[in-house]
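We begin with a single chain expressed as structure tokens, specifically the form predicted on its own.
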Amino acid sequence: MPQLEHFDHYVRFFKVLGEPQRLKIVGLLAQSPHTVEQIAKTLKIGVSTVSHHLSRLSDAGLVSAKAESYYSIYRLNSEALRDMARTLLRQTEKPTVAGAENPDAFERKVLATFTESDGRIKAFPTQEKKYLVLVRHVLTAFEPGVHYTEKRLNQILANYNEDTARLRRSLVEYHYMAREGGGGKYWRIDTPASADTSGAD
């Protein structure tokens, strides 16, 4: 079983969804984008209440808004729900630690040494070859072809270690992910450039 002390992110995520009106809003947005006014009319609640719920859902990465004329159109970020489902599925697949597919003995040893039973990184090795095993371990949380905002990227990286800036920087510097200029969206590179991993501790 995964260690429950690492589930703070999951608790916050499901706490946001635990409010009945928010679940109804998610259900509406799953059908089609809505304005605040449309949601309020359908659910027969106040506009300010809807705005509050949308703010909480937005903070959790579940909805996004786009301005159109005088209105903000809210859409469901279904990828966030899929990310959570994939993460929880990985937890049920322990004791196999998430990492590169069919990892060799070296990678299994590195992951066993530097990660917890739920896949979180508990320490970073100094040897680059070992460090790259952890970078590839984190990479499995991202799907090819999907573009992630920096906020969403950090939310996913926080499942592995609190130092999200280090992980984000490593994914880009070792060419496992690319990003738009100026801190735009990030996406996985299917064939990352090989790094020199011959160094030793």
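A quick note: this is a predicted structure, and the numbers were derived from the prediction, not measured. Each residue number is its position in the shown sequence, starting from 1.
Keep in mind the form predicted in complex with the DNA is missing from the figure; the text below concerns it.
Touches the DNA in the model of the complex: Arg166 (any heavy atom, 4.5 Å)
Close contact is absent here: in the model of the complex, Arg166 is far from the DNA, nothing within 4.5 Å, heavy atoms only.
Within 4.5 Å, heavy atoms only: does Thr113 come near the DNA in the model of the complex?
Because no heavy atom of Thr113 falls inside 4.5 Å of the DNA in the model of the complex, the answer is no.
So, in the model of the complex, is Leu139 in contact with the DNA at a 4.5 angstroms heavy atom limit?
Leu139: no, not in contact with the DNA in the model of the complex.
Under a 4.5 Å heavy atom criterion, is Val47 part of the interface with the DNA in the model of the complex?
Val47: contacts the DNA in the model of the complex.
By the heavy atom within 4.5 Å rule, which residue out of Lys41, His175, His52, Lys151 makes contact with the DNA in the model of the complex?
That would be His52.
Among the candidate residues Asn161, Thr35, Ser64, Ser170, which is the single one with a non-hydrogen atom no more than 4.5 Å from the DNA in the model of the complex?
When the DNA is considered in the model of the complex, the option within 4.5 Å is Thr35.
Contacts with the DNA in the model of the complex - residues in 56 to 74 whose heavy atoms fall within 4.5 Å:
Residues within 4.5 Å: Arg56, Ser69, Tyr70, Tyr71, Ser72, Tyr74.
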